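Shown below, as structure tokens, is a lone chain in the form predicted alone; questions about how it binds or moves come after it.
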Amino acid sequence: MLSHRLYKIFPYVLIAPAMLLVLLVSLYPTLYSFYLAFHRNRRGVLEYVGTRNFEVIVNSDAFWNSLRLTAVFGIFFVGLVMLFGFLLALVFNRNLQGGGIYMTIIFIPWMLSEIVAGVMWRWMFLPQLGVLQNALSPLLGDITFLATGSGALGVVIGATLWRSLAFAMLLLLAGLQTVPKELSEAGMIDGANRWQVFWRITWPLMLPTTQITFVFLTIQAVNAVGMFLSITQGGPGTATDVLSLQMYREAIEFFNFGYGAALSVVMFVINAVLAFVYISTLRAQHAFD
């Protein structure tokens, strides 16, 4: 009897160290952020202030501007990555000759850290010295990209797209390779063209993978800070001061831990809502199927 109980408990004993590590590095910081969100740091002492930090956030024009910029960045970033990722996945799914070499090239940006990649892109758009600045500026009216709000945001979107494209392509390619080729061939035999085969057969079977990729990219867009920090630092002015960067500045640069933690709680809620929408959509789809 005792040996049977030990046999049932043994798997949990094996995963206990890993679970403990996850709790220490993930759950504890999250709970501590919630704790800090209701306090303020005054002369090195935490003082309970209730919901004051959240009231300041709601009444702050800087917060709403950061939220708007985060939404704009997320829409363009997620939309472009999904579009180009899907196109590349379709290309590589056709057993492209030399595909391994091309895929390796595409994955090089993903292997770089956000800070390294961001510094590289900042160098490429330096006035008078940057390669891309000198190449694109004459075509767009001799503008200095990092000196204008839309230009700086465009540079960050381009850099993040360049780095994240391989991740989206890999997920979508894995989804495409799970679609049975027999179904596509049967559709072609029945008289369907390539577009009809894709829309009627491939796309419905790819929908779960597409949803997962979409949610991952959306959460990445909400939490993006490395590229903004290394390329624009929120400038020019506050033109690229997204929500994650504002949180970083409040907590790390200004030592306003309570307000920064409150911003992190807001971001946590946004991410939780996105995850809930994804799970609800996926469950509804399975129930419909």
Partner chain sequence: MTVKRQVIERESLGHWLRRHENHVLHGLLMLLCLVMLFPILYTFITSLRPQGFGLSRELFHPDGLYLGHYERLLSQPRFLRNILNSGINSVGGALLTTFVTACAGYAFARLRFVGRSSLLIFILAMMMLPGITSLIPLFKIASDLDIRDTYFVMIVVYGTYGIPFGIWVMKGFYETIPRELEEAAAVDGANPVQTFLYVIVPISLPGLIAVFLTNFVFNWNDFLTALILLSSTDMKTATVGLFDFQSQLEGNNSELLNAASILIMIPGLLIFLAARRSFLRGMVEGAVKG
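Take the two forms, find the largest set of C-alpha atoms that superpose within 1.5 Å, and that set is the rigid core. Numbering follows the first chain given and starts at 1. A quick note: this is a predicted structure, and the numbers were derived from the prediction, not measured.
Absent from the display: the form predicted in complex with its partner chain. The rest refers to it.
Each of 97, 194 and 225 comes within 4.5 Å of its partner chain in the predicted complex, counting any heavy atom.
Partner contact region in the predicted complex: 118 to 126, out of 147 to 155, 118 to 126, 73 to 81, 199 to 207, criterion any non-hydrogen atom within 4.5 Å of its partner chain.
Residue 229 belongs to the set of residues with a heavy atom inside 4.5 Å of its partner chain in the predicted complex. By the criterion of a heavy atom within 4.5 Å, residue 179 is excluded from the residues contacting its partner chain in the predicted complex.
Its partner chain in the predicted complex is not approached by residue 67, whose heavy atoms all lie more than 4.5 angstroms from it. Its partner chain is not drawn, but in the predicted complex it has no heavy atom within 4.5 Å of residue 238. Within 4.5 angstroms of its partner chain in the predicted complex, the stretch 156 to 173 places a non-hydrogen atom from each of 162, 165, 167, 170, 171, taken in sequence order.
With a cut-off of 2 Å and the rigid core superposed, residue 275 has a Cα displacement that reaches or exceeds the cut-off between this form and the one not shown.
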